[in-house]
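Take a look at this one chain, the form predicted on its own, written out in C-alpha cells.
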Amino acid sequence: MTWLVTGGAGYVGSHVVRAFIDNDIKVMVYDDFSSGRREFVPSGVPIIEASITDADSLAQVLHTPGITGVVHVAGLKYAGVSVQDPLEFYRVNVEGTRVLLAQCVAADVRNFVFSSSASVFGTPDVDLVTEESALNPESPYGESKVIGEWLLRDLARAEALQGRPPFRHTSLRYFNVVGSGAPGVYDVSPHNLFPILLDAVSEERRPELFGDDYATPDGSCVRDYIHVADVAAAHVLAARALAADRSLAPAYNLGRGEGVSVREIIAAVEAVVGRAVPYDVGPRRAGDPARIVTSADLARAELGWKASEDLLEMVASAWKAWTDASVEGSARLG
C-alpha cells in the first residue's frame, strides 16, 4: 500500500509524509517545488518533480504498481494573493485537481483525501462553524477549494451511476495550521501570520498587524489555530479509513474549537521568546474574514481524531523550528 502525496515537499505536505512513514504507510511525493523544498522530504522517499497540471507525469506515477490512494495537498494557498491573481489560482487549484482526478480514474486509483480549507466558509454568522454551515467563500482561493470539493462529489456520483467501483473520498478543511512537528520543517509562506511574525522577531523588526478595526473583542482577526502535526495525523486516519472501504463524510473540519486573535498570538510569542514584541498596525488584507472558528466534533466522532497541542506549544514548536533553521542558515520565507 503506497499513497501519493501531491505537494509533499511543502510545509503541510511534508508533515503528512512523515505521519504516514511513522505509521508504516509507504509514500511517494509529487511536487513541482514552486514552494516546496527538497530538504523537507525525508530521505529515501521517492520524489516526482512535475506540475499538478501535467497529465502525462501524473499518469505515469499513478500507474505505479501498489498505488492505493492520493493525498492532494498541492496548490496555491493564499487568499489575499488569489484576489490579485484569480486566473492562476483557478489554473493550479481547479484545473490541477481536475487533471489529477481524471488520471486517478484512468489508473483505477480510487481513494482520495483532499486538502480543503476553512476559507470555504468566508465570514460565518455563527460562533462555531460545522460541516453543515453554509459555504460562502470570499476569495478565489476559497472558491477554488469549494470547486475541488464539488469535483470530488460529482466524480463519485458519476462513477456510481455508471456502475463502476466506488470512488472513495473526503476533504479535510484545515483551519489555521501552525507550528512544527519535525526538525528543520517550518511554514515558509511570506503571507501567513506565524512565519511573518517569527521572521520579524528573530531579526528584531516590527511586524505588521493587518487591521485592528474588525468586529472582534480586541479589533484583530480571530482564528482557530491548529498544530500541523495534528493536521497530518488526520490524513493518516482518513487514508486508513478509505483504504479499508469505509464510507466517510464528504468533508471534516479540523480545528481546536477555540478562537484566538492576532493580538493574543503576539502575546503568546512574547511569552515564548521572553521579550516584548512591538508591532505596527497596517490596513486590512483583502479576503480576510474577521472571525472563523470551528467545531471538530464530526472528525472526532467518525475519524477518532482530536487536536492535542495548545497555543503555547504551537508557538514554541514554530519558534524552535525557525531558530534552528536560522542557526543552520536555511531559514527563509518564500
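So that there is no doubt, residue numbering starts at 1 and follows the sequence shown. On a predicted model such as this, the values are computed, not experimentally measured, just so you know.
Not on display, but discussed next: the form predicted together with a small molecule.
K.L.:
Are all three residues 230, 253 and 255 in contact with the small molecule in the predicted complex, where contact means a non-hydrogen atom within 4.5 Å?
P.N.:
The answer is no; none of 230, 253 and 255 reaches the small molecule.
K.L.:
Heavy atom within 4.5 Å of the small molecule in the predicted complex: which of 82, 117, 180, 170 fits that? Just give me the one.
P.N.:
By the 4.5 Å criterion, the partner-contacting residue is 117.
K.L.:
Taking the small molecule in the predicted complex as the reference, which of 50, 298, 67, 290 has a non-hydrogen atom within 4.5 Å?
P.N.:
Among 50, 298, 67, 290, a heavy atom within 4.5 Å of the small molecule in the predicted complex occurs only for 50.
K.L.:
Does any part of residue 103 reach within 4.5 Å of the small molecule in the predicted complex? Heavy atoms only, please.
P.N.:
No, residue 103 sits far enough from the small molecule in the predicted complex that none of its heavy atoms falls within 4.5 Å.
K.L.:
Is residue 75 one of the residues lying within 4.5 Å of the small molecule in the predicted complex, judged by heavy atom distances?
P.N.:
Because a heavy atom of residue 75 falls inside 4.5 Å of the small molecule in the predicted complex, the answer is yes.
K.L.:
Wondering, does residue 34 line up within 4.5 Å of the small molecule in the predicted complex on heavy atoms?
P.N.:
Contact check for residue 34: yes, within 4.5 Å of the small molecule in the predicted complex.
K.L.:
Is it the case that residue 9, even though its partner is missing from this view, gets within 4.5 Å of the small molecule in the predicted complex, heavy atoms only?
P.N.:
So residue 9 counts as contacting the small molecule.
K.L.:
Go through 138 to 146, 242 to 250, 105 to 113, 155 to 163 and give me the stretch that gets within 4.5 Å of the small molecule in the predicted complex, heavy atoms only.
P.N.:
Looking at the partner contacts, the answer comes out as 138 to 146.
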